[in-house]
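For reference, the chain that follows is the form predicted on its own, supplied as C-alpha cells.
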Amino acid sequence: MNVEFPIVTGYFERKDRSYILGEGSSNAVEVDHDFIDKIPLKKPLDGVFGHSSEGDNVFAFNYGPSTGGFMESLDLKIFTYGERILSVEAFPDFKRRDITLKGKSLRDAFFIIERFNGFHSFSYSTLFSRAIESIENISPSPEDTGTRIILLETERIISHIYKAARLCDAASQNIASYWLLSLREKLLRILGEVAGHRYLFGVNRIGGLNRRIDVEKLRKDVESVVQEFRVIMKGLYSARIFIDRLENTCITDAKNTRGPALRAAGRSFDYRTLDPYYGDMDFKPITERDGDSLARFLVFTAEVDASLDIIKNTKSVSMEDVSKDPKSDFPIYSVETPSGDAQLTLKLESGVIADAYLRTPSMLNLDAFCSGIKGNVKTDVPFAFESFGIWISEIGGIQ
C-alpha cells in the first residue's frame, strides 16, 4: 500500500516490510520498498546532510568540528569559489550516537531516553512515559498530567532563551547574550529548587511524577524571568545591526523543517494543537512567512510568552477519556519538543522493549540548514545555524 502525506517525516524497515511516518499521524503506514527511495527526506533520515559542488575554481574547506562556536561537535564542508557558499555537507559523526533500546528493560530504556539530549530531557522522558502508559492503559493523575504540561513549557522557555543567547553571541550581541544566559541560569536554579534537578532528571516516571512540584512558586518565578526576557527582546527587536544580520539569511521553505523553523516558513503545524494533553486549550501556533533567520528568531522568542500563558492557565488535566494504544502494528506517539515534534514507535514484550524507532526534529532541521545556507557567506554560518535549535546529540536517533 502506498499512502501520500503532506510530509513524510520518518521511515523504518523491519525484515521484509517498510513503514513511513507522516506529519501528525497516529500510526505508521506500511508501504512498498521502492516508495522509501522516493521520500524527499530520505537522505537526512539516513544521516546524510547536504551535497558537494564541482566546477571551475570551486574548492572546499572544513568549518569545524571544534571551530565556529558550535555548542556540539559538527564538521561542515563548505564548497565555494570565493565568498558565496555553493553548497554545504554536514558531518555530525563526532557526536552522533546510534542508540539501541531493543532488549532493554523499561527502567534502562527510560534512563537512556531521558539523557540522550539532556537539554530536552523532560520532553523525551514524557514522550517515552506516555507511550508506555498508552500501551499498558495507565492513566496518570490529573494533577501529574497538568504538572507535566507546566514542566514541558518551562523546558521550552529555557531552551528558547538559550537559543536566543546563542544567536546573540553568534551575531556579536554580547551584552544581550550574557543577560539571556543569566536568565537561563535563573530558571535552571529554580527547577533545581522546586523539582530537585535543574534538567529534570528523575522527575518523570511511567505513570506520573516521582516528586511533588511547587507549581505556584514555579509559575511566579517563571513569570518574573519572562518579564525580564521581554525587556531584552524589546531592545533586540529595535537593534538595526542585529536585525540586518538575521534578515534574508538562510532562507528555508516548509518542506524539510520542524518546530519553530517550520512555523517561521509559514506553516502552522505544532503538535500541541493535536496533543490530547493540551486538550481544550485555545492554543494557536505562532507563525512567520519569510523563512529566514529573523523569522525563526521572531517565532521562538514569541513562543516564550505563549508558553508562559500555558503555564499560568494549566491546572489538572484528566486523561481518562483519551483513547489508549491504537490498534496498529506501529502506533505513533508524539510530543512537541522545543525544537519541533518528535515521533516514537514502540513495542513491548513481557516488559522489555521489543522494537523502537525515534525520529527527532534535529534530523530534519540540520538538512534544512544545509539547504538554506546556500548563497550566503561564511560569516552567516554561526547565527544561521543557531536560529534552528539543532542538537547534534539527537541526530543518530534511537532504535
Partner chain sequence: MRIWPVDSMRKGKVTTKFPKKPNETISPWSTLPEKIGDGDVECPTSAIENGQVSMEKCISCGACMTSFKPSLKTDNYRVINNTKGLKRSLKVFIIDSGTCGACNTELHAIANPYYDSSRLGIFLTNTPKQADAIAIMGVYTPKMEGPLLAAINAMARPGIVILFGACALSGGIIGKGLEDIVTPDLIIGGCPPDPFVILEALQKARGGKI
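Please read all numbers here as calculations on a predicted model, not as lab measurements. Numbering follows the first chain given and starts at 1.
From this point on, the text means the form predicted in complex with the partner chain, which you will not see here.
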Partner-free chain; cross-checking the partner chain in the predicted complex, the single residue of Lys220, Lys255, Lys77, Lys186 with a heavy atom within 4.5 Å is Lys186
Considering the partner chain in the predicted complex, find the one stretch among 292-300, 132-140, 274-282, 178-186 with heavy atoms no farther than 4.5 Å from it. 178-186
Evaluate Pro65 for contact with the partner chain in the predicted complex, applying a 4.5 angstroms cut-off between non-hydrogen atoms, and reply yes or no. yes
Taking heavy atoms and a 4.5 Å cut-off, does Phe269 contact the partner chain in the predicted complex? no
In the predicted complex, does Phe383 come within 4.5 Å of the partner chain, counting heavy atoms only? no
With a cut-off of 4.5 Å between heavy atoms, is Thr314 one of the residues that contacts the partner chain in the predicted complex? no
Joint contact, Gly22, Asp32 and Ile161 to the partner chain in the predicted complex, by non-hydrogen atom at 4.5 Å: no
Within 4.5 Å of the partner chain in the predicted complex: residues from 195-220 (heavy atom criterion): Gly196, His197, Arg198, Tyr199, Phe201, Gly202, Asn210, Arg211
